[in-house]
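In structure tokens, one chain follows: the form predicted on its own.
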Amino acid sequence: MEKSKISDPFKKARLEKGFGKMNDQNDPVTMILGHKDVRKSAHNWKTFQSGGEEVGRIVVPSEVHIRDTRQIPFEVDPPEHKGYRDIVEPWFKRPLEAKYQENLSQIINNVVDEALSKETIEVVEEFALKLQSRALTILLNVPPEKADLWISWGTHVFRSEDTALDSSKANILYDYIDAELDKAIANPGNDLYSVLLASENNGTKLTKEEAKGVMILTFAGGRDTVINAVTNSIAYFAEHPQALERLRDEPEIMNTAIEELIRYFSPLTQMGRVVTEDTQVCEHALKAQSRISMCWASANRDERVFEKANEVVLDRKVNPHVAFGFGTHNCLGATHARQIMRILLTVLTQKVKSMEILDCEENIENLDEFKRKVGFDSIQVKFNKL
């Protein structure tokens, strides 16, 4: 079996009943699996709520035991959501600027050059984590050396070896953000911390807690997802050199290829909501205050929507994937992530002839009745120069 292959464990349940079940820390989740039902649920923010009273409950696995700061605008519903989104959206569109892309290109070129200079490289820690952390300094507009500390945290901010969620590890991030916000209060600059603290929502300045909520989302939301996307891409092109050759010969399909890789990998498996009233999905009854998840990974393999759903089709013409979410809470960091992927694949076509997977350990999510590979815990790769 191909090491880069990401299987679809949801197919049977998706076609037979449209939903699945998982237990999350004794707080059950009904997983919505079909593309149409996922989009419909994501759009219906009144019945399937992101805000709610319990902070962290919409995340799967739930973060209610490790976090009491609301992630903004992720855990806020309309109409309040729009005020926060209007503040942060222009900042997160900066990856469209030429200077931003130039800085990002320099980072990615350096990471690829480093990989080419070594006999072999462990891609998760030594390539993807470095790339993600260094790219984040551009998104936050902070000095590049800040990335060294973030890299030292390792790939999993919230997880340790023996538990899904680790409050002591999470507090490292929360304490760091508190300290950085205090510095920005004392000496405002042109970084994201300072911009948030100077922003107003409906005529009122954002509080430190609100700014912290945006920063937690920025750090946590774009970490594992970018690492998975980058690592899975390296694995795919290592096993499909003809695909890398095609991108080299047909750069015009680059954007289409990126959307297809993101659909296929679905770096974030699912995202939850809290049900506000008794309702039903797929003829399955749901009680008020219960939880659902919109399973992006399953929706992105729905054979009723995607022809050859379990294959990577680099020039896929129609691709309504939901890997970046859907509706009100579509991913703020999508523009940044797309630029990372675009520049990375471009640099690979310019500098890399081929790649070889020498050894790997898969990262498997245990979702009770479903077991899903999201990427790798480690993967040793040899990069060969063009």
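Residue positions are given as counts along the sequence shown, with the first one as 1. Keep in mind it's a predicted model, so treat the numbers as computed, not measured.
Keep in mind that the form predicted together with a small molecule is not shown, yet the notes after this line are about it.
- For the marked spot (241, 352 and 383), a heavy atom within 4.5 Å of the small molecule in the predicted complex is absent from each of the three residues.
- A single residue from the set 81, 146, 248, 169 has any heavy atom within 4.5 angstroms of the small molecule in the predicted complex; that residue is 81.
- In summary, among the residues 51, 56, 61, 333, the only one with a non-hydrogen atom within 4.5 Å of the small molecule in the predicted complex is 333.
- Stretch 265-273 is the answer when you ask which of 265-273, 280-288, 310-318, 199-207 has residues with heavy atoms within 4.5 Å of the small molecule in the predicted complex.
- Residue contact with the small molecule in the predicted complex: residue 92 places a heavy atom within 4.5 Å of it.
- Using a 4.5 Å cutoff between non-hydrogen atoms, residue 360 does not count as a contact of the small molecule in the predicted complex.
- Among heavy atoms of residue 296, some come within 4.5 Å of the small molecule in the predicted complex.
- Using a 4.5 angstroms threshold between heavy atoms, residue 67 stays clear of the small molecule in the predicted complex.
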